[in-house]
Structure formats: structure tokens, C-alpha cells
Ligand code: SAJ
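Presented as C-alpha cells, the chain that follows is alone, the form predicted alone.
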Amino acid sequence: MNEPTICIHGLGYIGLPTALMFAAHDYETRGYDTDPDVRETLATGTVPYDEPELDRYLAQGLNSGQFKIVDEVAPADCHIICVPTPYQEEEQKTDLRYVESAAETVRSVLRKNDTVVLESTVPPGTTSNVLRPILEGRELTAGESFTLAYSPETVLPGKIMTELRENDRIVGNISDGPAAEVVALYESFVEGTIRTTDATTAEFVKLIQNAFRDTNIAFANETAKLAHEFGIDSREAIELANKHPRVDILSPGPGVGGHCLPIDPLFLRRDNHATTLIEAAREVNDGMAAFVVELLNSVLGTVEDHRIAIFGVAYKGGVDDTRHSPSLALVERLTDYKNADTAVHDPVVKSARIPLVTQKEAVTDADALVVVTDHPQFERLEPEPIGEKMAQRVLIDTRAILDRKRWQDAGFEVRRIWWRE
């Protein structure tokens, strides 16, 4: 019996790895993206972003013929939708136009007994109330004529292929009972547990997972700010608090970045229900850039007329992903100050929406160095060669990855979010 043919709609951070994972497990997989530049780049065997293993998987899929990039969508046994769902802050709602467009495309080729799976992060009810009405028609009914389900990804950039294999998975069916066809698809490569529920619950679970993490980080950040006010070592306080068997406070930092945590909790907003705690957590985490500026002002007097070197524009260490990066928020905040000059260096990110310079260029004549991203390369920084090029020896280590005493011994005044002195 031949394996089902799969068409992946959207070849971005999630769609491409998902397509290549299916192709590696002997599924005839077609990848479609509405952007011709994306299709052309991938067809040459080039992955447009840095992600371990992905180059190898792409080459393997193209060479074996199991993965084909298509310019037009054709009928397939299974269609998996992995398109963007940006959040419109001004209107306070999720932009579902890409989901709707993909659904229209799928509808044009949908056949009886096909399967459609939505993986994009969406507000609860999207599969039932948005996707289903578009797909139905042509005498096809979800749950009867074809299978419709929702299965969110829960992967971390830098470990996407590993986590696609190892993480547990949720499959939410649009109709009663588990979607056996969808479970069987993911069982081909998922080593974790596959749990089944209804589609709306699966959509909700993805959002509350990220909202919980965002809220926990916000509590850690608020704790660190309070510790500064009380003159307390917040690292010691958090470590002692976590000795309690029912307490697990995360680490504070310069803010929250990436595509999921800064955005997904907002998908839970509803007109008739204020998500007060969730929105407060968002405000705390988004406000950490201002707190870093406060740390700079506490040492420099004011950041006005000063040059600030910023190390790291990726939102987390070891990846080139700059989406919603705390560094970008910090640069924007510093532009509010008269004649404040910023120089940003990142050894992993090759391009960003702000200019990037070399390490030497960034620190030359800088009045302060702010380490924002916990890249492994930054953990190995030597204080003396950097200090020699700077106008003032000030270090703001927002990730607590450098040896504080060593930098102080080199004449640096050090500030951390972790502690006051």
C-alpha cells in the first residue's frame, strides 16, 4: 500500500521542517508557498534561515525526489496548512487572511476522503468556524466526506527537527472521536506521545502553554525589578524560592522574543472577557527594554550623548531568529534619547532590519556594552581587549552569562538584571 501524498501549504519556519520530516519518512511530499522567491530559493537547495539539520534534510528530500517544490497546488491525500497568522495590535485581533487563502486553495482541489490539518497558531474556534466553512461545499462535509483536524507545533528554533521528533503532539478532530488518519501520519515520526481531543481544545492548549511561559517569565522579571528596589540579590532569592517543591520561577532577562511568546497569548483576547493577567504579563516583558535603559542611566547618569554597544540581535542564543527580539526593542527605546548612538553586533545573525557591525566596530569608543543575547560566543568574551577599545568600562549583562568578578577586576562597572551590584 502506498503512503498518502502530502501537500504542505507554507514553507516557513514550521512548514519547511514539517515537509522535510514527512519526506524523510517516505511520504511523497509537495511543498507550496505563495512567495515565488521562497520556492526558487528552496529549489536550489538553500535554506533561507539557520537551523541545524535542515540543510541536510532539504538536500536529502530533493535528491530522493520525496520532496518536491510546486508552483501550483494539485490534489493530495493530505493537505497541511502552516501559514503565518500575524497579530494586528491596533485592532487587537489575529490576521487570518493567510489561513483563509490557503483554505480557498485547498478547497479547489479537495476530494472525498482527503485529510486537511491546520498547524498554524490560531484563536480557539478557527478550525471549526473559519476553516471548515471555506472547505465545505462542492457537496463535501467535514467529518463525513473528509477529515479536518488541528495539530499545533510546539518546537523551539535551533532544535526544530529534534523537537518535531521528540515532543508530544496534540491532534484535535473537528468531529467526534480521534482523527485516526491524522494520528497515523504523525506517528510515522513522532517519538513522543500523541494525545487526541477536539480541534478547539487543541487550539486553546497551544495558546495557554505559551501564555503560561510568558506569565512565568514576567513574574521572574518583576521579581528581579523588585529585588533591585530592595537591594536584594535576585538570583539568590529565586534559587532559594525554587527549593520549594511547588515553586519553579524562571530566569529574568531583557524581555521575551521569538514568534510565539510575545504574540500567542494575545490570541486569547476576547471582547467579553478581559485577559487581565495575560496582558499584564505582556506589559511586564515588553517593558524590560526600558528597565535595561534604567540600568544604563544608573551608571552613565543618562544615555544621552553616549555610545552604546549592543551584543546580540537574535532573540535567543545560538539562533539567527530576530523576530520580536529584545535587542530591537532596546535599540528603539534608546532612539528616544538625544544623541544616543547604538552599535549592534551579532556573530550568528547575518542580516537584520537594523545595521550590524563587527565586534571591534561596536565596542570602539563605546561608553557601555550591553549583552542582550546569550550566544555561546559571548560567554567566551575577554574583558581586557574589549575594555581597551571602549571610552568607559561599563557592562550590562542582561543574561548573567559573564563572570562578574572577572569583568570587575578588569575595571568594568557591572550591572545585571539578576542583581543590583
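Numbering starts at 1 and follows the sequence shown. This one's a predicted model, so the numbers in the text were calculated from it and none came from an experiment.
Form predicted together with the named molecule: not shown, discussed below.
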| property | result |
| --- | --- |
| Single option in R235, R132, R213, K93 placed near the named molecule in the predicted complex, where near means a heavy atom within 4.5 Å | R213 |
| Listed residue that, although the named molecule is not shown, lies within 4.5 Å of it in the predicted complex (heavy atoms), from L185, V116, V292, V256 | V256 |
| is_contact(Y315, the named molecule) in the predicted complex, heavy atom dist at most 4.5 Å | yes |
| Non-hydrogen atom contact V247 with the named molecule in the predicted complex at 4.5 angstroms | no |
| Non-hydrogen atom contact L156 with the named molecule in the predicted complex at 4.5 angstroms | yes |
| Contact label in the predicted complex: D264 to the named molecule, heavy atom within 4.5 Å | yes |
| The named molecule in the predicted complex: contacted by all of S251, C260 and R399, heavy atom 4.5 Å | yes |
| Which of 156 to 164, 188 to 196, 338 to 346, 298 to 306 sits within 4.5 Å of the named molecule in the predicted complex, heavy atom basis | 156 to 164 |
| Contacts with the named molecule in the predicted complex - residues in 203 to 233 whose heavy atoms fall within 4.5 Å | K206, Q209, N210, R213, I217 |
